[in-house]
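Coming up is one lone chain in C-alpha cells, specifically the form predicted alone.
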C-alpha cells in the first residue's frame, strides 16, 4: 500500500490573523504542483479562520496546535473541539514537546485529548520524543514506548491517527537527528504500535519526523525508511523553505 506523505507546518505563536491569510495565500501559489502529498497548515487559534479562508478551493489541510478534551465549561483560555470544527479544522496536534515540557502536560492529559479528537472525527497528530538527557541515558526506547502506550490507552485502533517523532533535543536547536537515530526511533515506534494494535493497518500508519527540518536536510531525512513526512517548526514560517521541503517530499513519492 502506498501512503501519501504529509508536510505539516506548526507555526507555534507566530503570525497575526492577517499575516496568516497572506502567508497561506503565498504558499498556495508555490504549492500548485503538489498533488500526492498532504500539506497541513497549523496556525495559532486566532489565525485559523483567516487561514481557512485562504485555503478555500485547495486540497491543503487546516490543523490546530492544541485543544481541550471537554466540550464546554469553566476552562478559561481553552478551546473546545466543537469550536475548532466550526472553523473548519481537520487535524489537531496533541502532546507537542513544548506542551509537555513548558506547560507540564501529562501523558494522561494527552490521552484524553487524543480520544476526544478521534471522537470528534478529527485527526490527531500525536507527538512523542525524548529529551537529550533521556537519550544520553539510553532511555529513548523506553520513553517512546511509555508515551505511546499511555497516550493511546483506550484507543481502539490506530487508523485515523498520525504520529510525529520529535526528539526534544533537536527542536529549535538547529541540531537534527542523524539518519541512523531517526530511522531507529521510527522503527521503535512502528514496532510499539504493532505490539499495541496488532499488524493490521500498521503499514498504513504515517510517522512524521520533526526536529529542525530544513530544505538542506529534508532530502536525507525523507529517504530514511519509515519517515513518512515532516512536522516542521521554524522552516514553516518561511514560504520558500516550506515550499522547498514540500517539493522534496513530493518528488520522493513520485520516484518510489
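As the structure is a computational prediction, the values presented were derived from the model and not from experiment. Residue numbers count along the first chain shown, from 1.
The following text describes the form predicted together with a small molecule, which does not appear among the structures shown.
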*Give a yes or no on whether each residue among 38, 162 and 204 has a heavy atom within 4.5 Å of the small molecule in the predicted complex.*
no
*Look up in the predicted complex whether residue 134 has a non-hydrogen atom within 4.5 angstroms of the small molecule, and give yes or no.*
no
*Would residue 130 show up as a contact with the small molecule in the predicted complex if we use heavy atoms at 4.5 Å?*
no
_Can you tell me if residue 63 lies within 4.5 angstroms of the small molecule in the predicted complex, counting non-hydrogen atoms only?_
no
*With the partner left out of view, is residue 47 within 4.5 angstroms of the small molecule in the predicted complex by any non-hydrogen atom?*
no
*Using a 4.5 Å cut on heavy atoms, which of 92, 110, 185, 170 is close to the small molecule in the predicted complex?*
170
*In terms of non-hydrogen atoms within 4.5 angstroms, which of the given stretches 115-123, 170-178, 153-161, 134-142 touches the small molecule in the predicted complex?*
170-178
